[in-house]
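Before any questions on binding or motion, here is one chain by itself as structure tokens, the form predicted on its own.
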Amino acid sequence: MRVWMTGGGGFVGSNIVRAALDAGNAVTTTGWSFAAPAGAAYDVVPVDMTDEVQVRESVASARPDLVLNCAILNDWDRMYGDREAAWAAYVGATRHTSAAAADVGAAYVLVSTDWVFDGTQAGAHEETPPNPVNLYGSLKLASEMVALERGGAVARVSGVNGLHLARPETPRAQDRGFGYFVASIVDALSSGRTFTVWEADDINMRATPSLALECGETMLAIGEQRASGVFHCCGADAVTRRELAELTCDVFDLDPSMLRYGPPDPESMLAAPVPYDTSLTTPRTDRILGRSATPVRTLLERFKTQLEQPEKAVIT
């Protein structure tokens, strides 16, 4: 299968690239600051996602079987400071990539988020009506509507953990979401530092963790089936930050007495509200893909295996 995707230099995107290469697929990803390492088995092309002509020409040249839109504007200050640019980066890019996919008869998958929910919709399934509480969630929801109206698929990720395969040397840090949470704990405790697990009412306190690499594998399965509609790319278990921290210590053989619990770093504040409980369920995803969501312990064990395989720590 030939895959053309956006955002291959990002956290989730780099794992999609790895999953695609491991499955023997040909991959082309967009990127500006990101470049493929020497000898890489995939291509990186500079494409302005807000430019419809550039997007359609690049996709037409690649002639992919699957177009996967993963890139996001991940700067909250800029997002809120320039709403037009944010709309173009999310909704405009979704319009352009989905139209380009239709031009060449490719399947289409948009990567979305559990933050399309408001934090009170615990255990949301694929048909639960979204209700975002911030601009990021609203932009993702608007993008979902474009993708679905054009017959594509939406793959919502939740509490994504794992390795950033394009920038593995980047230090991981806890934030008000669940991303990088496990890596942050492993980095701190394995080097002898204590780790404060944030607990507060104004952060994402409960979610359904996923592993970035498994998310990539799930998205490829959606594309291979040319499936449409909403899918939830996450594990089987909803957990709190405290529960995930303690389970991480157990799986990674770390000392739980080095965990602390307290309020978030004030400098981590975002420009808008954050949903408290974004836990998901996966009935439609499991039914259509013929699988069962992976238990969180198994996801952590797989993450540990990744860390023990240096050759898998980068995409080459």
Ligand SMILES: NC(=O)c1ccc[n+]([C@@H]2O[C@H](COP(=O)([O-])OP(=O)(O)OC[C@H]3O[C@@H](n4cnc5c(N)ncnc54)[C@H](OP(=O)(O)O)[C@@H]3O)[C@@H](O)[C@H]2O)c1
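Note that residue numbering begins at 1 and tracks the sequence as displayed. Quick caveat: nothing in here was measured; it's all calculated off a predicted structure.
The following text describes the form predicted in complex with the ligand, which does not appear among the structures shown.
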Looking in the predicted complex, any heavy atom of residue 52 within 4.5 Å of the ligand?
no
Inset, instruction - Consider residue 72 of the chain shown here, and say whether it contacts the ligand in the predicted complex, taking contact as heavy atoms within 4.5 Å. - result: yes
Given that the partner is absent here, does residue 261 sit within 4.5 Å of the ligand in the predicted complex, heavy atoms only?
no
Would you please decide whether residue 113 lies within 4.5 angstroms of the ligand in the predicted complex, comparing each non-hydrogen atom pair? yes
Assert contact residue (the ligand, in the predicted complex, non-hydrogen atom within 4.5 Å, options 299, 12, 20, 293) equals 12
Partner-free chain; cross-checking the ligand in the predicted complex, the single residue of 67, 47, 274, 27 with a heavy atom within 4.5 Å is 47
**Study point:** Complete contact of 87, 119 and 232 with the ligand in the predicted complex (any heavy atom, 4.5 Å)
**Key:** no
Only one of 98-106, 239-247, 136-144, 182-190 has residues with a heavy atom within 4.5 Å of the ligand in the predicted complex, and that stretch is 136-144
